[in-house]
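In the form predicted on its own, a lone chain appears below as structure tokens.
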């Protein structure tokens, strides 16, 4: 068998060097690199992550420092993106806001994926009454719009960073739950799962040690798209004043200044960087999600 074509020559003796099985992650990485927009988007997201992590070094000013003498200044050498209504540096606030918005997106998706994966695995593997109970709960959760519930709860309990993260995470688990359940319905009838049952392996071990690795590809793709949705949801909540509160900057509460028509028309530098960051980040995440879907789905 030659390494370039993968063909077998019958009657010939194959050496260990000639027979080389390519690892699945290498195949997925090669497929991902063929998606040029996904690769470019991954570079963009890496830049966003570097800016967010290195914000204390990259930003020249304190994002919460108020300088009333420099209010509403346009872009300059000292203030690259200008200043806001209270003289705070817009570039520093945009960079630090990336920390908060990305934290909301990633942390809330970790919560939703964790809850959805566990419930979906239980429903798909156990079946019967447990499956019916979890699926009916899922149907109820998907009946109510998440944004309405979040707005109601935030108005009652008050806004905040961690409240926003937990609300978004706990209301977005039905989709990963359904995805994991559908995959487990197929996995529980396969030979390796039935073999584990025959030898007496506990259900938890079968679900999370043997079957669960086969749903990671689905969860990774759903997680990337969930991060984009969470960033948009946080931006909407903060824009309405029910998400992350000042002085903590986020891309959403930086857009709040655009509610003033005069500021929206005349002080473009105060809200445009945050708006552009949201658009670019969400589009990049969606392209990365598309690339991962093509790389991890063997049917594609």
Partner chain sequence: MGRYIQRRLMINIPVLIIITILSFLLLQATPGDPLSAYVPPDSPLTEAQRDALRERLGLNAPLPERYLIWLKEALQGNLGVSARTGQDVLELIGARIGPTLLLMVTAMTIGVVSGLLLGVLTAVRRNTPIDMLISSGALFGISVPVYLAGLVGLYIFSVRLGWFPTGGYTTPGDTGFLDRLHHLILPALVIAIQYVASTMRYTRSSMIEALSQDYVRTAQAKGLAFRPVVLRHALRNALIPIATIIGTYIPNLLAGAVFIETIFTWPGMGRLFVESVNARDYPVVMGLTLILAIIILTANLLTDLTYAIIDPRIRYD
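Numbering follows the first chain given and starts at 1. Fair warning: this is a prediction, and the values are worked out from it, not measured in the lab.
Below: the form predicted in complex with the partner chain, not depicted.
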{"property": "Triple contact flag 235, 240 and 258 to the partner chain in the predicted bound form, non-hydrogen atom at 4.5 angstroms", "result": "yes"}
{"property": "Contact stretch among 198-206, 97-105, 176-184, 157-165 - heavy atom within 4.5 Å of the partner chain in the predicted bound form", "result": "157-165"}
{"property": "Option touching the partner chain, based on a heavy atom within 4.5 Å in the predicted bound form, out of 129, 140, 190, 216", "result": "140"}
{"property": "Contact test in the predicted bound form: residue 271 vs the partner chain, heavy atoms, 4.5 Å", "result": "yes"}
{"property": "4.5 angstroms heavy atom contact with the partner chain in the predicted bound form for residue 147", "result": "yes"}
{"property": "Touches the partner chain in the predicted bound form: residue 151 (any heavy atom, 4.5 Å)", "result": "yes"}
{"property": "Heavy atom of residue 264 within 4.5 Å of the partner chain in the predicted bound form", "result": "yes"}
